[in-house]
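To begin, one chain is listed below as structure tokens, in the form predicted alone.
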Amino acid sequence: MYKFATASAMIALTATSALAQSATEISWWHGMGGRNGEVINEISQMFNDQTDTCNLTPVSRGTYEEALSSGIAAFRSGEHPNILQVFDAGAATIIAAQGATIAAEELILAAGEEFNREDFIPGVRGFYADSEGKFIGMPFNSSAPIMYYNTEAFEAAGVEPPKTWEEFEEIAPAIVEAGYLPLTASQLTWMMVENFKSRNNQEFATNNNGYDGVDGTEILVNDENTVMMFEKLKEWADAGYFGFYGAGWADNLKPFEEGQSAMWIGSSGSFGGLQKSASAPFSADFMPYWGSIEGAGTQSFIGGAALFAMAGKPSEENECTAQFFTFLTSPEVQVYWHKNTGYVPITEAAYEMAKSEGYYEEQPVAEVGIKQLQLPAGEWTAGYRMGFYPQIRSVMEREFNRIFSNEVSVQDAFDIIQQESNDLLQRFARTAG
């Protein structure tokens, strides 16, 4: 059981004592700000308060992309941190960087700490692991794409929230009749491509979704089912059932916050913010899937980021990093993180602790993402591993804008995405090799 400091002590990161001065110093670079960044500071202080031998300093490096870029640049100059937070789209980049990281599982076991993959929630286990299931990165701020819905809008329309996209098509006219825009969604790359693949158990890339190596990996997005999903989105947009407001996360959230949209596909990690910003009462359910696709209804991919242990550090620093990973995944710390940020607790023990405390009776929406990550797995639900994926997302976003502005057909857009993405993957393979 870990000791928890007082609120004032948790924030007092500058406190220095004789013990702290003699402790082994380790650093953690991350890409989070606002309240999430504050909670990172608090958790870091909690760790420091319960050990005499290690002292962790968290440092915000801007955005996810900036943290990844600065971490890789620092590694090349030998001035890198012990721990680097890397977002989902950047996982392949850091993993393929030769000699840059030590697998989290190996680091923990080498330090004599306990580690069991089965302790983690099913939907969390695979994304930052290798093809054999070994944890390369330590999952940290994990989330799932879920469907938030305006309860007043559904009462006015006299319909129930949809479980499938077929049900959405059936109820959308009644929602419009009640005076609401039926649906918006933030980040179509994550929601309607990546998690379309996972929720409907569809292959996303060759080489086992990219897990089996970078050579020859090709993305698979111009298939009939993915194209069908976007043809439906375009059809719904033209009919007034779906609102598309570009690639900006907040732009697509705003209609839901203002009570104009009945549904928003967003992150389970947005729950805390929505409690403060939503102008109408809301609840949530799983992200819909297509009932017409055989084997659909499986769990989703996680979003968010993981922590990677950087290589080239002294053994005593690696031991402190391992101790922090063990501390971070303890039930008490995970529940603290979960309640203060909205991200899911990544272990079964933490989930059970939150349940035993009655948290989900008070906040049932906070449990939706966890339950979605515990849905049955499929052949293609563990995750994906593709290099230059942030650039691939940019290609997708460009073409999605062209789809909804009537500049290109859905099929042609996805043919372009497939070609340009595979060009990037080939270039990444040459770079990684």
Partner chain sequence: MTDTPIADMPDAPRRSLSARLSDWYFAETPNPAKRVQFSRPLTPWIFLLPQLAIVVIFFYWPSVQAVTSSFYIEDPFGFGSTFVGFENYTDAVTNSQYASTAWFTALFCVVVTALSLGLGLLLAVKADKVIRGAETYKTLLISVYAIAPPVAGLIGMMFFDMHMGPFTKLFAAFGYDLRVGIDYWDTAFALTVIAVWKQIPYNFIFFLSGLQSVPVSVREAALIDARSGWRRFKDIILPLLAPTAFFLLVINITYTMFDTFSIIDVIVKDKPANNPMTLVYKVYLDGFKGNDIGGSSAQSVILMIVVAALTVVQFRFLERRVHYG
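Nothing here was measured: the structure is a model prediction, and the numbers come from that model. Positions refer to the first chain, counted from 1.
What comes next is about the form predicted together with the partner chain, which is not displayed.
| Taking the partner as it appears in the predicted complex, which of 293-301, 325-333, 68-76, 272-280 has residues with heavy atoms within 4.5 Å of the partner chain? | Residues of 68-76 come within 4.5 Å of the partner.
| Are all three of 338, 341 and 355 close to the partner chain in the predicted complex, meaning a heavy atom of each within 4.5 Å? | Negative, none of the three is within 4.5 Å.
| field | residue 179: touches the partner chain in the predicted complex, heavy atom cutoff 4.5 angstroms | value | Answer no; every heavy atom of residue 179 is more than 4.5 Å from the partner chain in the predicted complex.
| request: Report yes if any heavy atom of residue 202 sits within 4.5 Å of a heavy atom of the partner chain in the predicted complex; otherwise report no. | output: Because no heavy atom of residue 202 falls inside 4.5 Å of the partner chain in the predicted complex, the answer is no.
| said: Please tell me whether any heavy atom belonging to residue 254 falls inside 4.5 Å of a heavy atom of the partner chain, as the geometry stands in the predicted complex. | reply: Judged by the heavy-atom cut-off of 4.5 Å, residue 254 is in contact with the partner chain in the predicted complex.
| said: Even though the partner isn't displayed, in the predicted complex is residue 158 close enough to the partner chain, meaning a heavy atom within 4.5 Å? | reply: It does not: once the partner chain is placed as it appears in the predicted complex, residue 158 has no heavy atom within 4.5 Å of it.
| Selected contact from 312, 213, 246, 240, since only one has a non-hydrogen atom within 4.5 angstroms of the partner chain in the predicted complex | It is 246.
| Can you pick the one in 193, 100, 121, 107 that has a heavy atom within 4.5 Å of the partner chain in the predicted complex? | None of the others qualify; the residue that does is 100.
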